[in-house]
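One chain is shown next in structure tokens, namely the form predicted alone.
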Amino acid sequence: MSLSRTTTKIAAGLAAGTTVLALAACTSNDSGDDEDLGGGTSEAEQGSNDEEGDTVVIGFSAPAADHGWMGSITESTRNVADQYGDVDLRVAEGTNDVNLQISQVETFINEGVDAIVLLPFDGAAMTPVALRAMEAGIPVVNVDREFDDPNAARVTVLGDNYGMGVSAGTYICEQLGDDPDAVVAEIAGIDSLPLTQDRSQGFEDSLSECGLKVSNRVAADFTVEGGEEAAANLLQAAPRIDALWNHDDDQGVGVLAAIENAGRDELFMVGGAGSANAMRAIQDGDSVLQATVIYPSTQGADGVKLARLLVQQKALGDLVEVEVPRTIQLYAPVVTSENVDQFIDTAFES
């Protein structure tokens, strides 16, 4: 997930009328499998975008896989590249060292790759080298964490942190909207990050539509241990909770453990990001976890597909436009027991 301060520009971009295309999100990706993420050249129809064309060399760089969601970013990117006989994907080792990531992009530039797909550790810090790539005629696809100059990327692929909060709040409103005294709690991620602030703002705005508000709120740190500690504190402070939104399914493992340890079952919980273990719990129906909101981990895979289209001078299918859009924002659907079968096979392991 995005940890960059620049992610906050998602909402700003929307407000400014940036061209945004909502794509149905498929999430990947159990590390190590070869799931079909859709498309590929092996069975492409003649004349379709997937029909094999000239080979496209794509450089890919992302942060270290120190989180389930981040691990699936690179894995799904590799998987989708493998489906295209005309894609030569060069994957740099994941790193949280900005200077190393800059050198990786410089290497791609020197090698003369056809396109670069980049999920920056720090969007602002990676902007100058991305600009150099663009000036060298190499299109850059910026994934998840935005650069601070729109000229540094030909295409930007984004999740929707504010939309996650809206989706979670809307679902809770649907369950509790007729109870003005309902107690709603929230366990956020790292509070200093704009992505967390965006999620919380969307949640607050959505709850206000049905007259509800967040009564109890704590922040964790996207880890299992942090989630368990934050949840234990929350449960101790709130003797009754009707609904709880936890921002992240990785930390949700700890949140669920704390709820179980406290023997609390009067509430229902909504998760965030869309991990496979969260979806299995929803599918089983024997825990308080009733739903989760997806933050797609296939953004790098989408970036590869878009880079291929750019270099081969193709457009997105089903659009009238003859060029690939400048910004693509992915949807944040709610996964429940009613639709979990649609998502679980491509969910990531946390």
Partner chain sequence: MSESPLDVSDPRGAADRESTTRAERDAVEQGRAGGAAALLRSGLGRNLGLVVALVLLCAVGVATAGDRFASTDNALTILRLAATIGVVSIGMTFVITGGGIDLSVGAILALASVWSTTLATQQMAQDTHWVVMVGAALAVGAGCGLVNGLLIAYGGVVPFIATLAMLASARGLAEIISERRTQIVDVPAFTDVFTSEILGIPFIVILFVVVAALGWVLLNRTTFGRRTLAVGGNPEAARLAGINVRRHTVYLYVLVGVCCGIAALMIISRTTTGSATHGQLYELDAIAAVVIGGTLLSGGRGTIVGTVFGVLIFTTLTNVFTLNNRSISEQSLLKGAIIVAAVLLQQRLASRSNT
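Residue numbers count along the first chain shown, from 1. Keep in mind the model is a prediction, meaning the values are calculated, not measured.
Another form exists, predicted together with the partner chain; not displayed. Remarks below refer to it.
- Of the candidate stretches 167-175, 261-269, 188-196, 152-160, only 188-196 contains residues with a heavy atom within 4.5 Å of the partner chain in the model of the complex.
- When contacts are defined as a non-hydrogen atom within 4.5 Å, none of Phe203, Ser208 and Ala237 contacts the partner chain in the model of the complex.
- Though the partner is left out of this view, Asp242 does not reach within 4.5 Å of the partner chain in the model of the complex, counting heavy atoms only.
- At least one heavy atom of Gly94 is located within 4.5 Å of the partner chain in the model of the complex.
- Shown alone here, Val183 lies farther than 4.5 Å from the partner chain in the model of the complex, counting heavy atoms only.
- Looking at Glu135, you'd find every heavy atom of it more than 4.5 angstroms from the partner chain in the model of the complex.
- Interface residue among Val224, Ile102, Ala276, Val218 relative to the partner chain in the model of the complex, by the heavy atom within 4.5 Å criterion: Ile102.
- None of Glu111, Asp179, Asp82, Asp86 but one reaches within 4.5 angstroms of the partner chain in the model of the complex through a heavy atom, and that residue is Glu111.
- Interface residues of 110-125, taken as those with a heavy atom within 4.5 Å of the partner chain in the model of the complex (partner not displayed): Asn110, Glu111, Phe121, Asp122, Ala124, Ala125, in sequence order.
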